[in-house]
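To begin, one chain is listed below as structure tokens, in the form predicted alone.
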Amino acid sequence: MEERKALVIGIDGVPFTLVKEYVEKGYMPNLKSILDQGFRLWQMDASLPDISSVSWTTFLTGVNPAEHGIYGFIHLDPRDYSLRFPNSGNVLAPTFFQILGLDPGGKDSSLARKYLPRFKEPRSSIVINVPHTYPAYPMKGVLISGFVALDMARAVYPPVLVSTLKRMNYVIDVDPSKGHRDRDGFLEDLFQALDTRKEAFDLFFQGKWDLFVACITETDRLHHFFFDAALDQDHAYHNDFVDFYRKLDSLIGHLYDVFRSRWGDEGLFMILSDHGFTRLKREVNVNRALEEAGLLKLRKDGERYQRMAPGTKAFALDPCRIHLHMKDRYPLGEVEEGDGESILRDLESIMGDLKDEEGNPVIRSMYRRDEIYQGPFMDDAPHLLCLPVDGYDLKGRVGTDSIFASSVFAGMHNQHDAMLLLPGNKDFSGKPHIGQLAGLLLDYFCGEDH
């Protein structure tokens, strides 16, 4: 078996445009050095919708949500309108590292069918801190879950490694709520978490592996609370923000140098983010807009979506996944199959006409489910998915008094400004999409990367 090695660095929520500017400003000298060695920085599209659970799962499985089954951080149970929070057990397609290990975990996908026959011997992977891999599951190698992980004992495979991580005070995630009450302390936690992340990467880097995936999620936490400081030199936290990126750049340079010193120029090196980020102007309560249009009816009692009343035609889940209230799917559903088209047209008109208090449009683009999803799990897909103009954070809150609201956060995700770094000989026919990268990695290990 030809010995091929790949190092993938994931940086959650880091936008192409910010990285490009920071490289030009000299804040990220290590990344500039890597680019000068024949690498290229791409602007990349994230998943639809552009949230971590969906985008990282799309990256790991190489298929869209209608094949892997994850459409968001929450899932509405159509039987009783209750909410559940999907985890790795709800991912219905195998990851590329399961395919490399020749153990798809009893799961199937178009990617698995294409690549599994091409591998004769299993390859070992170390995957650290990728979101939506909790609880950790058996695989050939090491899996340490990223957020949301509730119990360290269930976040590590093999479990014998839990004691090692606890000894180094390893943390899966910082406490995001601290960002509201103690901003300085929250920043300290982010810097400390990055130090501990490096310690874990270094420890496991010494082992035997073919693929190493090292994910950094502190960037996403930083951006939600401090993204307004990124380019504002007069902001009280601008220097702290830049210092964090300098530290991130140092870690990237360190991992790159260790990888090259061990494997030379033969190994594949990649950096990606799961979505972009932008400054947040207003939060947009989509369900309130549907209420005002008469498409959503709510009772006074009940919890969240269990408040839905007869007469409801449509409702939204975070982040603007609009579902028709179909008669054959929901207990109180009244929308007949033949009525769906006219309601969808109404929804497209309502969302397309949505403007803020100053008359600025809110929606950048809209997609019907058949335009963007293909696979066996289409029943859970939203009928209409909306992407906002940068600055307008679409929310699925139920029972709010107004469409527009202020936010405690400074930054929000966007779909069109994720980043990707690859060797210059890798090319795409158009703008790359995060769902293409699993196949690129598997092609490399198949020896079909040229």
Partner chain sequence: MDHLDQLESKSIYIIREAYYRFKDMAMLWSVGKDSTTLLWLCRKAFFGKIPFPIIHIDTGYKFPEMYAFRDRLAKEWGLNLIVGRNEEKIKEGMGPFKGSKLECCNELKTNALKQVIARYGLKAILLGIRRDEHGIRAKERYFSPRDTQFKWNYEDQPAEIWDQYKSKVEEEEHFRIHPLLHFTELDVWEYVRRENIPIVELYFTRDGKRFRSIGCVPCCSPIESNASTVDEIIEELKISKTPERAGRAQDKEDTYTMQKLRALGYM
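Residue numbers count along the first chain shown, from 1. Keep in mind that what you see is a predicted model, and the values were worked out from it rather than measured.
Although not depicted, the form predicted together with its partner chain is the subject of the following passage.
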Review point. Can any non-hydrogen atom of residue 409 be found within 4.5 angstroms of its partner chain in the model of the complex?
Key: yes
Practice item. Could you confirm whether residue 380 comes within 4.5 Å of its partner chain in the model of the complex, counting heavy atoms only? Key: no
Practice item. Examine residue 376 and determine whether its closest non-hydrogen atom to its partner chain in the model of the complex is within 4.5 angstroms. Key: no
Check your understanding: Are any of the heavy atoms in residue 309 no more than 4.5 Å from a heavy atom of its partner chain in the model of the complex?
Key -> no
Review point. Looking at 301-309, 254-262, 350-358, 188-196, which lies within 4.5 angstroms of its partner chain in the model of the complex, counting heavy atoms?
Key: 301-309
Review point. Ok, 225, 245, 157, 269: which has a heavy atom sitting within 4.5 Å of its partner chain in the model of the complex?
Key: 225
Revision key, fill the gap. Picking from 370, 80, 328, 184, the single residue whose non-hydrogen atoms come within 4.5 angstroms of its partner chain in the model of the complex is 80
Exercise for review: Select from 382-404 the residues with a non-hydrogen atom within 4.5 Å of its partner chain in the model of the complex and write them out in sequence order.
Suggested key: 395, 397
